[in-house]
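The form predicted alone is given below as one chain in structure tokens.
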Amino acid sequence: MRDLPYRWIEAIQDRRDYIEDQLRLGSPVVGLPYAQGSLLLTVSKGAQKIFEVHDRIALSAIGHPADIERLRMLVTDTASVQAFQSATEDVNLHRLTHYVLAHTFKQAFEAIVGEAYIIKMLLVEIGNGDTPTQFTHINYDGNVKVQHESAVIGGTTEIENAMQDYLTAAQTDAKPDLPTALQLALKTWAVGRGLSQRFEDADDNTEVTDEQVNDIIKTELADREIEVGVLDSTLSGDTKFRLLTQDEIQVARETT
């Protein structure tokens, strides 16, 4: 019986290695603020990957489609129930992530006799009045990271660090307009995408040049589409979320 804790630790590590291997090639997601709100950007082959959670909250994720959909419905339904039972103002990202999602992720990950979620999730809530915009990254093991300037999710920690470094180096104190933010988010996505393919070939070099970024974008967009969801504070009504059309995305890219 004395070796049971060690068996549990070993099982957890095996589970971690398996999940990270499954997530390695996932299409990264980038979250950025811009002058009128915040955006989430990724590139996919047609299946929607960016969703509204509630009026001022949106999410995206990488991982197994069934896990993404199940957890998306969990957080969306929870937000709807909270708004109905109390008030819309009581629905906030902190409560949804720390008391609903993080607990669910952690419980599934540590219950080694059951199935863990193969997922990483990125959520954003735009500020309202004095409340700042918040990005929340939830890992498959329930760990939560909150940021206010920008956020990314990628297949590995190394990929995320490289994307965040690229993003931080390119950002300025002033919030960009939507076309500039979209272009920066796309380039940051390309850094993550390039590294995910490189790591598959056992190359641990995390440097991606501007020329390589442009080549990755050109190659990937040959059979994939950019998906962008925005939380636009200038929209009338309570709901601030909308998906940009492909025409809007193309116009934004051409004006940068």
Partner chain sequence: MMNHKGDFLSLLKNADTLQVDSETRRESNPKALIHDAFQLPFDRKASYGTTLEIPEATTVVAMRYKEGIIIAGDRRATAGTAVVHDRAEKVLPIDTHSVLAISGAPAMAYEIARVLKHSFQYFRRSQLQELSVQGKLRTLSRLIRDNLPMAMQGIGAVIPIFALYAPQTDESENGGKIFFYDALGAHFENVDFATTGSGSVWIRGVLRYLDRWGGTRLEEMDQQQATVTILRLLDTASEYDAATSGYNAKAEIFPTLKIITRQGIETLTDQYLSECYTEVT
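Positions refer to the first chain, counted from 1. The model shown is predicted, which means the values in this text are computed figures rather than measured ones.
The protein also exists as the form predicted in complex with its partner chain; that form is not presented, and the subsequent description refers to it.
For the options Thr156, Gln183, Ser80, Asn92, the residue carrying a heavy atom within 4.5 angstroms of its partner chain in the predicted complex is Ser80.
Thr104 is the sole member of Gln147, Asn161, Thr104, Gln171 with a non-hydrogen atom lying within 4.5 angstroms of its partner chain in the predicted complex.
Looking at Lys187, you'd find every heavy atom of it more than 4.5 angstroms from its partner chain in the predicted complex. Among heavy atoms of Asp55, some come within 4.5 Å of its partner chain in the predicted complex. Although the partner is absent from this view, Arg70 contacts its partner chain in the predicted complex, with a non-hydrogen atom inside 4.5 angstroms. In the predicted complex, its partner chain lies farther than 4.5 Å from every heavy atom of Asp17.
Partner proximity in the predicted complex, defined as non-hydrogen atoms within 4.5 angstroms of its partner chain, places exactly one of 188-196, 45-53, 210-218, 31-39 at the interface: 45-53. Along 219-247, these residues reach a heavy atom to within 4.5 Å of its partner chain in the predicted complex: Asp238, Thr239.
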